[in-house]
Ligand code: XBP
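In structure tokens, one chain follows: the form predicted on its own.
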């Protein structure tokens, strides 16, 4: 096994349970702001997570549940406005300290830094969401610990496409075999495998029943992670 030189983290659902407790209520607040009677409960949102990307999720929902709104000439602008409002509400939740890291995440990041491993992010969420979560949970300097942050619309095709991982690998200037991806979902796993990466999965309540065939390991959380297993 090639020695690990970098760890590439997904964010939502991997670093913290941001989907259920952060993005979902933020979407609902945004809908209310825009005068929509839409409400995404936990079960519905779990199904919508099959669609990666917040704007894509709004569009998918509207096309199926509010086709009259999706057919309006200004629908694209509405999607952008909803997503911007959602981001504002999400950032307020993060800043309030309501979204702690999952078990083992902080320790793994600190141990990786001590061992000289490089850190990176590969996510579909927006860059401001990433940096806000890192600062709120790890400290104001935490975004600077990451050599590369690949986030949002920086590549056209989102997970399960491998594009975001390839983008991050190019900027790390490392081969995939010397890096480890950490994900929580089948879509994330497919993206990592498509880029040639080993992928460790830490499922959450939303993703526990998904198919993780091909994962390097599946752990309940990162407190069970051992560096001796990756050659780092």
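Small disclaimer: the values here were computed from a predicted structure and weren't measured. Positions refer to the first chain, counted from 1.
Keep in mind that the form predicted in complex with xylulose-1,5-bisphosphate is not shown, yet the notes after this line are about it.
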Q: Consider the chain as shown here, without its partner, and state which of 190, 57, 166, 198 has a heavy atom within 4.5 Å of xylulose-1,5-bisphosphate in the predicted complex.
A: 57
Q) Ok, 61, 38, 206, 45: which has a heavy atom sitting within 4.5 Å of xylulose-1,5-bisphosphate in the predicted complex? A) 45
Q. Would residue 52 count as touching xylulose-1,5-bisphosphate in the predicted complex under a 4.5 Å heavy atom rule?
A. yes
Q: Answer yes if any heavy atom of residue 210 is within 4.5 Å of a heavy atom of xylulose-1,5-bisphosphate in the predicted complex; otherwise answer no.
A: no
Q.
in the predicted complex, is there a heavy atom of xylulose-1,5-bisphosphate that lies within 4.5 Å of any heavy atom of residue 137, even though the partner is absent here?
A. no
Q) Hey, in the predicted complex, does residue 19 get a heavy atom within 4.5 angstroms of xylulose-1,5-bisphosphate? A) yes
Q | Options 73-81, 140-148, 99-107, 119-127; stretch whose heavy atom lies within 4.5 Å of xylulose-1,5-bisphosphate in the predicted complex | A | 119-127
Q.
Can you list, in sequence order, the residues from 6-42 that come within 4.5 Å of xylulose-1,5-bisphosphate in the predicted complex, counting heavy atoms only?
A. 10, 11, 12, 19, 23, 27
